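In structure tokens, the next block holds one chain alone, the form predicted on its own.
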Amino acid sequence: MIKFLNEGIAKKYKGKTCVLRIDLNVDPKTDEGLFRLHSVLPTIALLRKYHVRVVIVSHKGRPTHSAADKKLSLKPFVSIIEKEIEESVAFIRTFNFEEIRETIGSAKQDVFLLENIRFCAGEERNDKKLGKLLAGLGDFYVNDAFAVSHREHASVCAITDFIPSFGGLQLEKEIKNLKGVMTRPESPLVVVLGGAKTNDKLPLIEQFWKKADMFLLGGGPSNTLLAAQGIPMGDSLYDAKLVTKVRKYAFAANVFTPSDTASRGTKILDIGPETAKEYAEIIKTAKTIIWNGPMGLFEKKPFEKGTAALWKAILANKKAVTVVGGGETIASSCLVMNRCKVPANVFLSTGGGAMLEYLSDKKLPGIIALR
């Protein structure tokens, strides 16, 4: 069983040092960047309440040239974190762990941000030596990075072998909300899937096939099923390798694909207005909603209309237990709302791939490591 950070644990480690894994794998200048950071602020606040020093560990992108890849540095997050927690943050550029320990012990600051952990070659190999070195920076470890908990990496898994480890407050929320729609969904259960990657969404369809009342598809998943129905896709995004595999879903009565689309040339870029109305009516009657992936190219007008229509329908349904996840899906929420005013019945997950894997009943290495 996972032990999650709470007042008692924070008090027990009063004045000690916590190695905190969060996810800053976003552009710091975007709404999504602030969303990821805001999600872990309660954990940081609880630790600081008991004067726990915090060593923040995160990654960004997939570096190819070690620390020379300056575009993927976490340094731009320093001023943003300082503003949010109203406290000075020391940025640690080096991966000389003896030097890092000396800095933590002597610095005036109590909050530290390590450089991109993927600059260390052993991170993505789940290297035990790196895990031990990271563990040596603190007295206990907290994982509040649900979005990367499906990765078997050193700062997520190996570190837990060497230090008392706990789940963070956001991680606890993620598991509670996702587990709820998995094990206790109230019918009608509506699953909405869009975005680009059909292959990532297919396991969710398979897992919820007997649970869900309706599947509403847009983007790559809908195009792939339309191709399976024999409809020419032109230049539209779809997964040709999956056409045969998804054919069994393509003509199912509970699987909805667009009856009309918004296109540019021969490329489908959004669901059409009639489909948006149809989907919105279905969402209106739902008691449980799971959504991952926008309906179209919402970043470009006029192809934001389908995604915006679904957001409006979801926000209007005050009774449904709703879980929304995926970086682009969360980013698209700015089309219709201030993210600080999310209704109580709607949970915004910080996970994209991690959310899909958890809901597909796959075992997430980062969650297992905490047990």
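The structure displayed is predicted, hence computed values, not measured ones. Note that residue numbering follows the sequence shown and begins at 1.
One more form of this protein exists, namely the form predicted in complex with a small molecule; it is left out here, but the text below deals with it.
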In the predicted bound form, which of 291 to 299, 249 to 257, 148 to 156, 169 to 177 comes within 4.5 Å of the small molecule (heavy atoms)?
148 to 156
Although the partner isn't part of this model, could you tell me whether residue 53 comes within 4.5 Å of the small molecule in the predicted bound form, counting any heavy atom of the residue?
no
Can you check whether residue 25 is within 4.5 Å of the small molecule in the predicted bound form, heavy atom basis?
yes
Is residue 62 close enough to touch the small molecule in the predicted bound form, meaning at least one heavy atom pair within 4.5 Å?
yes
